[in-house]
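Single chain ahead, by itself, as structure tokens, in the form predicted on its own.
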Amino acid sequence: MSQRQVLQVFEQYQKARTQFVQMVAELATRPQNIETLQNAGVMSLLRPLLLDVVPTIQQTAALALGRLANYNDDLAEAVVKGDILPQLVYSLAEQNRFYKKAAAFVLQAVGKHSPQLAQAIVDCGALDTLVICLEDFDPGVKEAAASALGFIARHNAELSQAVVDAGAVPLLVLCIQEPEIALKRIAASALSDISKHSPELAQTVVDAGAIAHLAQMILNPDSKLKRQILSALSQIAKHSVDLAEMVVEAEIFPVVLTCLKDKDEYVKKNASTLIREIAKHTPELSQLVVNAGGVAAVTDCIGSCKGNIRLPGIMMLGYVAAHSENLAMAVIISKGVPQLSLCLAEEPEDHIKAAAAWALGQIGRHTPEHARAVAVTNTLPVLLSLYLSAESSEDLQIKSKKAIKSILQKCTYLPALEPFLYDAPPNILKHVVGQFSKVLPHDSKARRLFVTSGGLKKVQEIKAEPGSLLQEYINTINNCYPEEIVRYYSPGYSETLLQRVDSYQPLIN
């Protein structure tokens, strides 16, 4: 065989390997091909090609593996069991930028599925190499490494701590300062994933100087970047008063309020979440949000969107109102109650209704004035129907019941209470009758109305245990009226009158 023929054989072999990995990488982009590739034992065929002498074959083999591992945890598990990870980690440090990107993609694809698979990546020593890649001159390599680190960190505090211990945080903070938008997004997302698990991990991110750089990018025109920035600040602020105050001190108000009007729904949601995580901690932080116009802005935001996008805003109004009478009044003044009532009535999802019910309860529980502000929106009957409905989730029933009780115990607006005399179950009814027993002794106009509307008659029909609290309330109400009026509206009195008519002997002159 001549030298030329030998070279032709090698060329054909190289061409066949190249075609094979390219075809597998292409096939792996379509879900319908995955099972067939898996059954054909494609993993074991790709593995030796990771060490091929031709760089493009190595890179394409890694890309194909990444796409397969990305598809499901079984294939990711096969990468681990096939002893492919050590090979990737070794090559990650040695090869060119194209291979580094492909190798980091495989690590991300494996690590995203479960804490166990992410731990396998940590155990094979990948973190140190990925952190080194964060310093690469190529933005794409940095992006791929940051993404892999973020997917590992998001599972739990232990894995997140491993990423921190490898020295990733200061380099991720540098990455958010790079000019490339895609790199900024991925780095901000990774910092968010690290921060979310504990105050200590969030503090590590803060200590690296992340807050100031994140806060400066809130008004960046890129919507996807804004989502990640707001998420990272939320994950930091949620843990403690001190961390929330640090976020506030970065002068995010009133800038962050503009995000509540963003055209991107998830920017709105993440901005509401950030404000919620700040407001929930203390009355002082809530007051700061109110002073910045945050309550009115969140109320408007709730009105401009639907579904889960509304949820953090609904909860934020509840947290603000829970702190004090004045803060609850700020929610009322900002038209928060009608908006929450609307959510309660029109949202199809029970967990959103439950949040709205909880928030309304937090507003109405302070004083009669607060309770009236909720009652006049006709919210109480809606809450009652949700509490009584067999279709409502257990959480929605519990939150509706608590909200009704908290509002009723302060409500002195009798027109809102009267329908409950007819519809409420006994455990709610006692609170309604209790409120009438507080108001009627001191309001002659209300006493007259209570008779003409049929309220007094209805109270006489209630069967209460002798000596019970409910019976005491009924007695207090009855004591507001002359005895003959009470007797007139008592059940069976008409029969007694008829008997008296029957037995009455008229006087005949």
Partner chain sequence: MATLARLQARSTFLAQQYYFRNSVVDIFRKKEYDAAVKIQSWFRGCRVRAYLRHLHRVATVIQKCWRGYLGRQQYQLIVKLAFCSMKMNLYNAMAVRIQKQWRGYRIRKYCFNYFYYKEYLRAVSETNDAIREALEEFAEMKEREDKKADLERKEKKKGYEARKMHYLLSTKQIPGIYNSPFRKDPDPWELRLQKAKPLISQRPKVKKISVSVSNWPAYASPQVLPQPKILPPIDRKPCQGPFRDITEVLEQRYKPLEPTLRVAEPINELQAAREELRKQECMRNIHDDMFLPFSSYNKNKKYIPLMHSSSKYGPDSYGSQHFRDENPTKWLCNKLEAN
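Residue numbers count along the first chain shown, from 1. Please read all numbers here as calculations on a predicted model, not as lab measurements.
Unshown form predicted in complex with its partner chain; subsequent notes refer to it.
Colleague: For the chain shown here without its partner, which stretch in 251 to 259, 174 to 182, 137 to 145, 73 to 81 has non-hydrogen atoms within 4.5 angstroms of its partner chain in the predicted complex?
Modeller: Of the options given, it is 251 to 259.
Colleague: Judged by heavy atoms and a 4.5 Å cut-off, are Asn291, Asn326 and Ala330 together in contact with its partner chain in the predicted complex?
Modeller: Result yes, every residue of the spot touches its partner chain.
Colleague: So in the predicted complex, does Asp300 come within 4.5 Å of its partner chain, heavy atom to heavy atom?
Modeller: Although its partner chain is absent here, Asp300 would touch it in the predicted complex, with heavy atoms inside 4.5 Å.
Colleague: I'd like to know whether Lys335 contacts its partner chain in the predicted complex, with contact meaning heavy atoms within 4.5 angstroms.
Modeller: Within the cut-off, so yes.
Colleague: At 4.5 Å between heavy atoms, is Lys226 in contact with its partner chain in the predicted complex?
Modeller: Looking in the predicted complex, residue contacts with its partner chain include Lys226, since a heavy atom lies within 4.5 Å.
Colleague: Just checking whether Met246 would be counted as a contact of its partner chain in the predicted complex - the rule being heavy atoms within 4.5 angstroms.
Modeller: Output for Met246 is no: heavy atoms all beyond 4.5 Å of its partner chain.
Colleague: Name the residue from Ala296, Ile309, Leu117, Leu421 that puts a heavy atom within 4.5 Å of its partner chain in the predicted complex.
Modeller: Selected residue: Ala296.
Colleague: Ok, Ser91, Thr377, Gln287, Thr412: which has a heavy atom sitting within 4.5 Å of its partner chain in the predicted complex?
Modeller: Comparing distances to its partner chain in the predicted complex, the residue within 4.5 Å is Gln287.
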